Every structure is written in C-alpha cells, then in structure tokens.
Ligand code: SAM
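Next up is one chain by itself, shown in structure tokens, the form predicted alone.
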Amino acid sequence: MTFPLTGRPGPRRLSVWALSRVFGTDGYADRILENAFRRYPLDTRDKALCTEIVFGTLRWWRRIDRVLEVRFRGDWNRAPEAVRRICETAVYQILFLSKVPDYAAVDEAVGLGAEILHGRWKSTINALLRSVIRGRGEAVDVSGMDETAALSVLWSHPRWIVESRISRFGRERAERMCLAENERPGLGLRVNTIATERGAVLTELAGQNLEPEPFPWLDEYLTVRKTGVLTELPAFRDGRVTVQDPSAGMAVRLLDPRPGETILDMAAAPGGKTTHAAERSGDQALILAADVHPGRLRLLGRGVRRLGLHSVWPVASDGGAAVRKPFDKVLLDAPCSGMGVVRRRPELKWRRTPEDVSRLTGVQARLLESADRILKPGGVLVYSTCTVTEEENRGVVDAFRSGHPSYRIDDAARFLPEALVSGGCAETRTDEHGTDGAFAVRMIKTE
C-alpha cells in the first residue's frame, strides 16, 4: 500500500501504516513500531494507543474481518488494502477499546480514507463502520461455515491451529488456549540474582506504580502489568533485571549451570538464556555464546555488559559449527515456529503454516546432531523451544533419541516445580500458567 508518512502522524494513522507493513513484509510488529516511534515520536499516551491498536487488531484480525465482510457490499478481500487496514483498526477500537469514543474511531478512519484514497471510499468507510456500531451487541455471523471454520473466526486463529488444538487437547481446552493467546500479556522480568534479590526489586517497582507480581514457580522472575519505558528504569539500566518471560527460565533451570563447567549455547542471541545461565552459575562457568548473525551477537554483548557478567564469550558460528572442543553441557534453544509466543507476536499465527512446522523439525534435528558431536560423554544436552506444537517438541526429541540410544531423559521434576513438568519434560501453556508457551527437556549422554 502506498501510504507515505509525513509531518507528525497521530497514533491511528501510524497504526494503519504499521499494520500494512506487518501484512506487506516479513517484519515483526514490535520492531516496525519501534522504528516508527524513533522517526515519528509520540507522547507516552499516544504511543500506548498506537501499540494497542496494532497488536489488538492482529490478535483479533480474523473475527474483525468477519464482522466487516458480512456488512460489506461485495467481496471484502478484493477491497483496496488501504480500506481494509483502515477499517480493521477502526473496528478494533469500536469493539474492544471502551475508552475510545466511537466518533473518534469513525472520524479518523473516514479522514484517512479521504486522504489516502483521494476522496473515494469515504462514504463506504463511514457506512461500514456505522453498521458495525449498530450491530455491536450481535453475535458474530458464522452462518454457512462448518464448525472448524466458525471456531477459527470466533477464536481468531487459523484453521490449521484450531484443528490441531482440538485434536490434541479437545474442544474446551483448545478454546481456552486460543482465547488466552488473544489476551494482552504482562511483561516478564528476570532478576539478576548476582546483583540483588527479587524482594528488593518488587518493592522498588511497586514504588514506581508498575504493579509487579512474583512469578509463583521460579523465584528469580516477576511480571509487571504497567510497563512504561522499562529501559529507562534504574533496575534495568543498572543490570538488576532483564526483560524475559518466565517460561524461558525453565531451560536454564534444567541446564543447571555450575561453576567451572564449560557450556555452549548453540543459538544464543539475543542472549536471554545465555545471561541467565551465567547468573545461575554465579558468573563462574565458561559459556560460549554462538550465533550466526553478527548484529544479534552485538546485541548479546550489550546485554552481557549491562549485567556486569564476565563468564560469557560470544562467538560467530552457525549452531556452534566452528567449535571443536567438547563441552560439559550444551543448550540448544532451537529455531521454531514460535507458536508459544503469539500473545506477543500475533502476526506469527497468520504467517505460519503446517509446512513451516515440518521444515523446522528438520532444522531442529540437524542442530541436535551438531550438539551431539560437541558434547562430552556424561554431558548434559538441554533442548528447548518457544512453541507448543508436538512435532517440534516431543516429536523431535523422540526421533533424536531413537537414533541415539545413549541419551536418556533426566526427569525435569528434579529441577522444577511439579506445575511446570509434564511427562519428564518442562512445559508451559498460556492458559494454564499465564506465560508464553514453551518446552524444554534435559538429556544425559550416557556414553
């Protein structure tokens, strides 16, 4: 969509532009918005509104589009992209943001339509949105759809995900999972236990009105509901906290890093698990942090310096391919479909396909083979993902162990509370734990 941003665009105009960029590129919404805010600064309130509109529209996009397509005279999918993006962001405000007056959402949408489309579609946008307002209390029309298609609309998830969840968990649990993934997430923080204690950080953040809450199952984590600009907080600047969802902490707990051990993090950047491992070892292990992307390694390096750590050594390598020395422990936080983090990156659920999952299992299998080659006999291999697809989790692990019978699973219950353990592995689900969905398993190389 040709939609230049000039002057000082407001939050609604910027949200339409950002949404068009998300759908028109491979970019992530958070990075698109970060770059936009750098170029077109907004005050804190407008920045929050713009962010809410973009992420909320992406979470509920399928339901929003259904509301529009049943009211549109013609084929909604063939309407100009500008019209669709303008109306989608407006409908999100009308149906989901009670503090935004209807007239504000409609007037801004009509004005944008007039500007971008040179006056055409102005009356159509106005009529369409006013129809949505009149029918606000009505149920979403899913007539003529089969059950799975209807649930895809109501839960605002792609059909293949709905089918997979129902098949694995049953309809009731599948609904809870999908709807939980459409909620606004809190922000997870990991306390640097070398520098401070969680209680001190909770007290400090509560004094800054961020509404912190301790995470119940991992005592170095907390969540905040009101975020503000976290990077400006003293606790962040001073290296006492790191932004990280608590689900990510399971893998390092299973790794159980100890002073004096040699550890390889095979896909380390941006460094959340690497720095957590350093903290858990008391900064007394030797941790090689490998990644193929130099820019991401620089980001990792900045995090290491901010936290005041000395045990981490970044190395440019594809999955540790350049590394020859055998290690005591290897952490493979594998590239995956990301189906556990769609609360934070809702665009992923509209981009991923079952074919992507199949392709990624091949990548994960190859990385596990590499891990095996550089792990000492008797060493520990931790495999983790931020997805909830069975194929990428237990499926990959079972296939690896069938070809490598020397590996046994070390029960996660030895390292984690029972609430985070399922079948000897670590697992979280958004609907159950209030975190991202994640998986981790600890394996011992017996010979």
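Please read all numbers here as calculations on a predicted model, not as lab measurements. Residue positions are given as counts along the sequence shown, with the first one as 1.
This protein has a second form, the form predicted together with S-adenosylmethionine (SAM), left out of what is shown; the following refers to that one.
Asks: From the list E220, D291, D245, E279, which entry has a heavy atom within 4.5 Å of S-adenosylmethionine (SAM) in the predicted complex?
Replies: Exactly one listed residue reaches within 4.5 Å, namely D291.
Asks: Just to confirm, with a 4.5 Å cut-off on non-hydrogen atoms, which of E183, D102, D318, E115 contacts S-adenosylmethionine (SAM) in the predicted complex?
Replies: In short, D318.
Asks: Looking at S-adenosylmethionine (SAM) in the predicted complex, is some heavy atom of each of M266, R296 and L367 within 4.5 Å of it?
Replies: So, yes: the whole triplet contacts S-adenosylmethionine (SAM).
Asks: Would K273 count as touching S-adenosylmethionine (SAM) in the predicted complex under a 4.5 Å heavy atom rule?
Replies: Yes, K273 is a contact residue.
Asks: Is there a heavy atom of E347 lying 4.5 Å or less from a heavy atom of S-adenosylmethionine (SAM) in the predicted complex?
Replies: No.
Asks: Do G303 and S-adenosylmethionine (SAM) share at least one heavy atom pair within 4.5 Å in the predicted complex?
Replies: Output for G303 is no: heavy atoms all beyond 4.5 Å of S-adenosylmethionine (SAM).
Asks: Consider I287 of the chain shown here, and say whether it contacts S-adenosylmethionine (SAM) in the predicted complex, taking contact as heavy atoms within 4.5 Å.
Replies: Judged by the heavy-atom cut-off of 4.5 Å, I287 is well away from S-adenosylmethionine (SAM) in the predicted complex.
Asks: Going by heavy atoms within 4.5 Å, which of 92 to 100, 194 to 202, 333 to 341, 149 to 157 lines up against S-adenosylmethionine (SAM) in the predicted complex?
Replies: In the other structure, the partner sits against 333 to 341.
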